[in-house]
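Below, in structure tokens: the form predicted on its own, a single chain.
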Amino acid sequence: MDYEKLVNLATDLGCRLMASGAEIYRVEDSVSRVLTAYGVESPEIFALPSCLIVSINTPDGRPVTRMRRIGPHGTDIEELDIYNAICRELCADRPEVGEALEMLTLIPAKHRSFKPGMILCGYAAATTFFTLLFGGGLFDAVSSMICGAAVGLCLMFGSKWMGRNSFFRTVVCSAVAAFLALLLSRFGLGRDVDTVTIGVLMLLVPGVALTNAMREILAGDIYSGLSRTAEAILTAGAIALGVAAGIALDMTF
């Protein structure tokens, strides 16, 4: 057994699960199950949203440890389901480590990618229905659809000129949402500016991050829960700052 490759396999799988939006306990449990299935006794796994450490002792007493840093990531339910299925398959069939590594490298080719136009339609439709849910009228829905498409463009292509700084990107997107909502209301397209703005900002609200934070704190993963809580608070602050900037920009015209 090549334990170096086995630890690389488990670490790579854990990082991919984390990057897909998996909870801390799911990442640690999945990596532990894979290593145990291949005959490793008492593996040690420590996961944070930005880091994964995997350590084992080989039968001859030699320690093997891997630490991998995980960059900014979001949530991809389809990817998460694929990697969960791979984890179950590895535990059940226990293929050769080289074959298992090859399975992981083929995952991106299997992952379904959506065209930018379809993603943009999703952003526009989500803001439209949120605005209707909050009591907006037909004109408000049309206004939020336009604002949602604009925010979607910022989210999809903004990383090219805003970098990977999620705080700054959220500020810019919320400023665009508030400014466009106010601008469209001036032309009579939106009647209730507050409802339109709130409907569009729902795209940026860190609901999943806050939910995962509370779940991890209750599960005992305090460090991870506090990290996600801080991320959610910073995102909320960025939304408030961006809306204030959008209102101030509208007042200058």
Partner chain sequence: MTIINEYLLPCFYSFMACISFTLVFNIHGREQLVCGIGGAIGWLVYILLDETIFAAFAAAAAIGAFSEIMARVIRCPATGNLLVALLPLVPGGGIYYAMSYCVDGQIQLFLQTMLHTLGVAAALAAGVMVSFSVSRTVFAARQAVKK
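Residue numbers count along the first chain shown, from 1. Quick caveat: nothing in here was measured; it's all calculated off a predicted structure.
Quick note: we don't show the form predicted together with the partner chain, though the next part is all about it.
- Taken together, the three residues L13, S42 and A92 lack any non-hydrogen atom within 4.5 angstroms of the partner chain in the predicted complex.
- Residue contact with the partner chain in the predicted complex: P72 places no heavy atom within 4.5 Å of it.
- The shortest heavy atom separation between I146 and the partner chain in the predicted complex exceeds 4.5 Å.
- In the predicted complex, L189 stays away from the partner chain, with no heavy atom inside 4.5 Å.
- Among residues of the shown chain, E102 is not one whose heavy atoms approach the partner chain to within 4.5 Å in the predicted complex.
- Screening 215 to 223, 62 to 70, 49 to 57, 34 to 42 for residues having heavy atoms within 4.5 Å of the partner chain in the predicted complex returns a single hit, 215 to 223.
- Residues of 197 to 220 placing a heavy atom within 4.5 Å of the partner chain in the predicted complex, in sequence order: T197, I198, L201, M202, L203, V205, P206, G207, V208, L210, T211, N212, M214, R215, L218, A219.
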